[in-house]
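Starting off, we have a lone chain in the form predicted on its own, written out as structure tokens.
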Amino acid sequence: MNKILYISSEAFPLIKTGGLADVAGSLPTALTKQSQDVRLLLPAYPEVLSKIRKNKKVSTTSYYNLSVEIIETRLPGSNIIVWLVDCPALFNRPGGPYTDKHGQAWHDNALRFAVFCHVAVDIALNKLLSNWQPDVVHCNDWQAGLVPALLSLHRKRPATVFTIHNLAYQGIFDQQTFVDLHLPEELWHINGLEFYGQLSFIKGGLAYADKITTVSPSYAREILQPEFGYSLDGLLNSRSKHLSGILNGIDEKHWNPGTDKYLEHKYNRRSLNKKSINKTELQQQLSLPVDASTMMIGMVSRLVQQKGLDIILQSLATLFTLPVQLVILGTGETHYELQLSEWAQRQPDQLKVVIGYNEPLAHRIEAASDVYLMPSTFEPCGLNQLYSLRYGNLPVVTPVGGLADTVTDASEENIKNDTANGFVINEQSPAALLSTIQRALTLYQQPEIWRQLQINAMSADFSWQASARRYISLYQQILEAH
């Protein structure tokens, strides 16, 4: 049994802004089921504190003259021990984990997550919680990036793993911030935390962790190229023998159309006819024309450029000449929210846009939709296409990252050999997107073929168990070398 300290800035169901939360809420549970001793470290945001029940204070400390308490609780719905870093001056504020209510990054994010990392390091070195010390410290994204860097300065330390969920978010701050945080001077160099004269939190993970993982095999290859490397491809290439991609899984209890608590009409592969009842109910709920035969396209997403919003917007005028309905749920950049909302006012019979985060509606969209729209410019793993496959909702995707690893195009050959489970766009353009949707519409009008595509999609195994085994194998590998 390995002891794993799993460090994340968010975890479902306590706090979620994206896929990292889904992973941090599921992987520790899957690891525990395979006899690993996992503890989750998380900031004590107000939303988190409001959702926990039984808890106790297990340690008190301070960093930068700020008082910090460690609160012990459990991840709801599991037996996973969660340690919350409670520093009201840094985490007890309205807004999101990383941004204020206007979407602007908190001015003190460097300090907030430096304190978070210092707590992790002290737990890892057995300085804070004397009855438990990890064998492996598993860090996620830039918010935990300083941990491998700071641990590298200690001869007796746990092994470290750093997982990149999205290389586009790097935690970049000016050099003065490095000074103000009193970080060790030996970490300030081109192969350390320095990044073109600035402080890079993510480089702490990339340069110093024993192993680096990404959330899909294809993304692990892509980030070695300048196009996807965000100026870190040189460093990543130099560490490529320590880099691997492990595909994310999904929480099959939470995302299961046969047991989904948010669905009135549950279904599985043998009762697929009930899927259309979910569609007509959603049409009614969203004031769309009620017609089970209309192909519904769903999208639940952050509304940002990465998710293909530009080509979607450029496609809408032509898309609405087709017999389809489009339902979009999400929040993101204001100009995308406004443009989509304006289109929804102009096309009330074909487009419904709901701005915000709404977990029940996300599930209902997956259950109601025939096609899921995900034409990302890049996609480290993507979870929504996995949810969609599980719900017999065929994804329309670009062949990048985890989308390339999980969606097999409905070509004639793939349909014949029963491997097709979605539609792959051959290039990132409005014309290619429209022709792919037209291709999906043509097959949708052939019920027997469409049903087989749905069954193919719903038959795939994207559980966390296989991913957890890969991580355990990686932990063993590092510990043997360590």
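Residue indices: 1-based, along the sequence shown. This is a predicted model, so every value here is computed, not measured.
Only in words, not in the display: the form predicted in complex with adenosine-5'-diphosphate (ADP), which the text now covers.
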item: Candidate stretches 325-333, 229-237, 108-116, 284-292 - the one whose heavy atoms come within 4.5 Å of adenosine-5'-diphosphate (ADP) in the predicted bound form; value: 325-333
item: adenosine-5'-diphosphate (ADP) contact at Leu383 in the predicted bound form, heavy atom, 4.5 Å; value: yes
item: Contact of Gly197 with adenosine-5'-diphosphate (ADP) in the predicted bound form (heavy atom, 4.5 Å); value: no
item: Ala362: touches adenosine-5'-diphosphate (ADP) in the predicted bound form, heavy atom cutoff 4.5 angstroms; value: yes
item: Asn358, heavy atom within 4.5 angstroms of adenosine-5'-diphosphate (ADP) in the predicted bound form; value: yes
item: One residue of Trp83, Phe91, Trp142, Trp255 in contact with adenosine-5'-diphosphate (ADP), assessed in the predicted bound form (non-hydrogen atom, 4.5 angstroms); value: Trp255
item: Candidate from Ile223, Leu263, Val300, Leu319 lying within 4.5 Å of adenosine-5'-diphosphate (ADP) in the predicted bound form - any heavy atom; value: Val300
item: Residues in 361-381 close to adenosine-5'-diphosphate (ADP) in the predicted bound form, defined by a heavy atom within 4.5 Å, in order; value: Ala362, Met374, Glu379
